[in-house]
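Next up: a single chain in structure tokens, the form predicted on its own.
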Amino acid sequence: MREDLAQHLLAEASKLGASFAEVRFEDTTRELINYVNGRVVALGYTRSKGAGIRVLYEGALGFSSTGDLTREGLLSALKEAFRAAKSLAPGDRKFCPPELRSKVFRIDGVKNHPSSASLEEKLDLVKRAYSVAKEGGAASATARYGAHHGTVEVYTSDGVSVSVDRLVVGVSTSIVLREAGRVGDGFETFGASRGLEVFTGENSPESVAQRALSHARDSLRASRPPAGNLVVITRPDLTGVFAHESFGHLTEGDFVAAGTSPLTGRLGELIASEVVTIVDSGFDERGGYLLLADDEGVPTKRTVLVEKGVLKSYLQSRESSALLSMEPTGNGRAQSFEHEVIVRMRNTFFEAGDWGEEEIIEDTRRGLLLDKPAGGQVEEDGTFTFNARIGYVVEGGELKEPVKDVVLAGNILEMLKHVDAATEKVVISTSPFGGCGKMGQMVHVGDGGPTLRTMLLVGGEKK
């Protein structure tokens, strides 16, 4: 840990006249292997090592970062941050007091950490996935291994001294099948904040590839979906997109404080059906991304955003919580030491209901069961357009023919009012490949939930 060096910088910030200062050190590594049609086409290890410094002066905030971790280099970055704050002063920015002063957060129980696992072990994961895809008749297949791991340390002038582990690993498989002039594609990924020992059983590279193959085979015989306002059943991967992309961003404290969120000033209101409970948490035993403390050193609480349809809370950093006179929730995050902390989600998901998936299907006279998100876009008011990669027509309580290229449109606050069933089983997913983007920053997140039933506008063919 770099506490002595940080304390020297914080003392220097005080001498300059700063009312608050923060030093955030990062030392993380990103790993990636791309294995395409039996060949390694990319193999990378990228290390991110440096420090980001924030300084508050007369209500104005300055930020600077550096990869030079010598005392001289850090002092130069501190002075740059102070000059930026001074040039912007006066301002009205502030930070709520920290609830935790000092702690080391470690991810326990990791048996085969990616930092110590051999390259041969990692290559074996993608080769095993590719072998299943090839044996299954793939015309083209890509298998990927990824990991992100390391440590973030946060020190502040108001007493925070926190060190936090970061860890996520994952394997994905993308498959294209060709048959009788038709093309089908399938994609599957699995990720977790654990070591390489996690890739066994249903989470093995072989299982990941088999699921991708299954979706590709269904895609080969799939047609366009029926169009119109339909009953839609979403499986956990797609459910998670609604929790995160459509709803979660609306609860971020910076948007709420700015008044750009349609949820501003609506705490305590009934905004969804009583079936709906939505949570954002730094960790959950059912899966997802493990974030024990955020990039401000705040422990990550389980934050219930919606409880049985009622809006209960917003997501907060230390700054947004001060603006809204609320408690921080551990949602201050930054892509790296080179980026400023902003309000971000962690694991955002719908909570369980009391149905089984088969029960929901049997209870549905006509509609669609949809799986696997495939992109889309969301507006600030919660209006969305999403694509589902694969799905199935539901008629008379039974699954019928598969459909693909399904377009879903609506507004999340309307969609939530129509949720009338959720399964007992909740699945929360994460991945080292990409993440959530906001204001030019990308961070690792998790999302998911149960299988849900609601009503949505479906773009397809009139039948």
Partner chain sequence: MSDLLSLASWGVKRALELGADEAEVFVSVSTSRDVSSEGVRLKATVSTSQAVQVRVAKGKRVASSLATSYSREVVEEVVARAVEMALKSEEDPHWSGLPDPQHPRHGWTGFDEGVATVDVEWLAGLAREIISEAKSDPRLTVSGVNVGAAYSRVALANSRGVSVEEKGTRFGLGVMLKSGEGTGGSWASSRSLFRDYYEVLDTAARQAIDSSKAVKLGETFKGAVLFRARPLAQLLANLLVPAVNAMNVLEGFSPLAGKLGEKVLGNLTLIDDGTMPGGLATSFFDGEGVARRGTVLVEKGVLKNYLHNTYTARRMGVESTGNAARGMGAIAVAPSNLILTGGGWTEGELEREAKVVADGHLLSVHTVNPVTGNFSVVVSNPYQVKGGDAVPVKPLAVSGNIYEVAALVKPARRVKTTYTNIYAPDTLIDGLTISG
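Please read these numbers as outputs of a predicted model, since none were measured by experiment. Residue numbers count along the first chain shown, from 1.
Below, we refer to the form predicted together with its partner chain, which is not included among the displayed structures.
Annotated contact segment (heavy atom within 4.5 Å of its partner chain in the predicted bound form): 338-346, selected among 361-369, 209-217, 338-346, 308-316. Screening G265, G159, G228, P97 for any heavy atom within 4.5 Å of its partner chain in the predicted bound form leaves a single hit, G228. At least one heavy atom of M439 is located within 4.5 Å of its partner chain in the predicted bound form. Taking non-hydrogen atoms only, P402 never approaches its partner chain to within 4.5 angstroms in the predicted bound form.
Proximity of V176 to its partner chain in the predicted bound form: non-hydrogen atoms within 4.5 Å are present. Residue contact check for E80: one or more of its heavy atoms lie within 4.5 Å of its partner chain in the predicted bound form. Contacts between 407-432 and its partner chain, taken as any heavy atom within 4.5 Å in the predicted bound form, involve V407, A409.
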